[in-house]
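Take a look at this single chain in C-alpha cells; it is the form predicted alone.
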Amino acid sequence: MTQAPGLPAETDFPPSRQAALDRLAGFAPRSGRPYELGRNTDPGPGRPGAVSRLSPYVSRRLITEQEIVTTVLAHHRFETAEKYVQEVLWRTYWKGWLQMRPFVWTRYLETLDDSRSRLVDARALTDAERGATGIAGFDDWALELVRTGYLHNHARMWFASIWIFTLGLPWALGADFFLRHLIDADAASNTLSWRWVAGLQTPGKTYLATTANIERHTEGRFAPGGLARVAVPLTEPPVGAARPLVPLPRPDLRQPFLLLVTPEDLSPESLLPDGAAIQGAVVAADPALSWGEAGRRFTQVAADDAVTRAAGHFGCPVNRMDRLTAADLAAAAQAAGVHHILTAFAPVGPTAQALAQLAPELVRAGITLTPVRRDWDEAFWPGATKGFFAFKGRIPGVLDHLGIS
C-alpha cells in the first residue's frame, strides 16, 4: 500500500473509491453471522477483526450506505445480516436525527467553547490526550487514535465513558479530541455518540465502561482498574421535538448546470441520472471542510480521486477547487456557460455552513445553488424523530421501498 502524505503513519485507509469497493467486497461474505458474533471485539491495531472498517469511506460517501447494504444483501438474507445492516443505518439515523435538530450541533459548539474557557485542570486534559493517565486500555486507545486515525467502535465507547465518568473531563472536549484525529470524523455520528455515552442523547441513560467488559472484548489485552463504578447522567435543557425536514424541489436536470462536489459526497457518478445536462464540475478540497490534519489529507487525496472519476464518467471538464469561495464558484459557472450549480445536499456540519454562506453571494452574481438529496436520505431521515429502536423497525420496509432486498 502506498502511504498518502500527511496521513497517520500506520493508517490502513487508502483514500480512493476503489479501495472502498475492494474492502466491501472482502467484507461482504463475512457480514452475517461472523460479524454478529465478533463485532464487539477489539483485537487491536494490525490484527484482523469482525468489523468492516469502511467508516472513513462512507463518511465522505466515497461509497454510499445504499451500495454497502445492497452488496451485503446480495450475499445474505436480511435476517442473517441484520446486525450489520443496522450498524450501517446507525449513521443514517444519526444524520437524520441531527438534521431535524440542528440546534444540537450549535449547542455542542457552544458547550465546547464554554468547556475550554472553564477548564480547571489543563494537565488532566493533556494527559488524557497524550495517553498518560495510567489507565490500561485508555492510554493505548489515545495513542492508537493519534497514530492511526481510527478506533474500533467499542473502544470509542469505552474511551468516552472513561473520559467522562472516571476522569471527570468535559464530554465536549472528548468529542473534539475525536474530531481532530479520526479520519472518519463526522458531526452527527461523533457528537451524538458522545452525547449518548454521557446520558444526554437518551436522557438518563448512560454507558458505563467496566473492567470485565473491556477484558472480555479485548481478548485479555486490557483489564483496567480504578474505573468509575457508576455513571451519573449529565443534564441539559430539553432538546425539544424534531423539526420537519425541509423538502427539496426536484431540479430540472434538462437545464444546463455545473456540478459542485464536496467532501460530504465524493461519489458524483451515482448522484444524478444519466442524461443530466452537466456542463462541468468542480471538486471542493477546501481544508476548512474537514477536521484535523489526517482527515483533511484523506479528503484532499480522495478529492483527486473524485476528479478523475467524474471526468471519466461525465465526459466534461472537472476541476479541483482548493478554496471554496463564491467568486471562484461564480467564475467556474460562467466558464461553463451556466447560471445553475447543483450539489449533493450537505447535512449539518462545516460544509452545510459554508454552502449556506455562499448561496446568497452566488444569487447576487446571478447564479443559483441547488442541493440534491439522495433517495436513501429522503426515505430514511424522516424516521429519525425518536430513538433508534423505533427507527430500526422501519428498516425492512424502507429497503423494500428502495428496491433493496
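As the structure is a computational prediction, the values presented were derived from the model and not from experiment. All residue numbers are counted from 1 along the displayed sequence.
One more form of this protein, predicted together with a small molecule, exists but is not displayed; see below.
- Would the small molecule be touched by all three of 51, 178 and 182 in the predicted complex, meaning a heavy atom each within 4.5 Å? The answer is yes: all three residues contact the partner (heavy atom, 4.5 Å cut-off).
- Message: How about residue 194 - does it come within 4.5 Å of the small molecule in the predicted complex, if we only consider non-hydrogen atoms?
- Response: Within the cut-off, so yes.
- Tell me, yes or no, whether residue 140 is in contact with the small molecule in the predicted complex, where a contact means a heavy atom of each within 4.5 Å. Contact with the small molecule, no.
- Message: At 4.5 Å between heavy atoms, is residue 66 in contact with the small molecule in the predicted complex?
- Response: No, residue 66 is distant from the partner.
- Query: Going by a heavy atom distance of 4.5 Å, is residue 153 a contact of the small molecule in the predicted complex?
  - Reply: Yes.
- Message: Only one of these stretches, 106-114, 329-337, 294-302, 83-91, has heavy atoms within 4.5 Å of the small molecule in the predicted complex; which one is it?
- Response: Careful reading of the contacts points to 83-91.
- Message: Counting any non-hydrogen atom inside 4.5 Å, which residue from 157, 73, 307, 125 sits next to the small molecule in the predicted complex?
- Response: Only one listed residue qualifies here, and that residue is 157.
- Residue among 166, 267, 189, 218 with a heavy atom within 4.5 Å of the small molecule in the predicted complex: Filtering the options by heavy-atom distance leaves 189.
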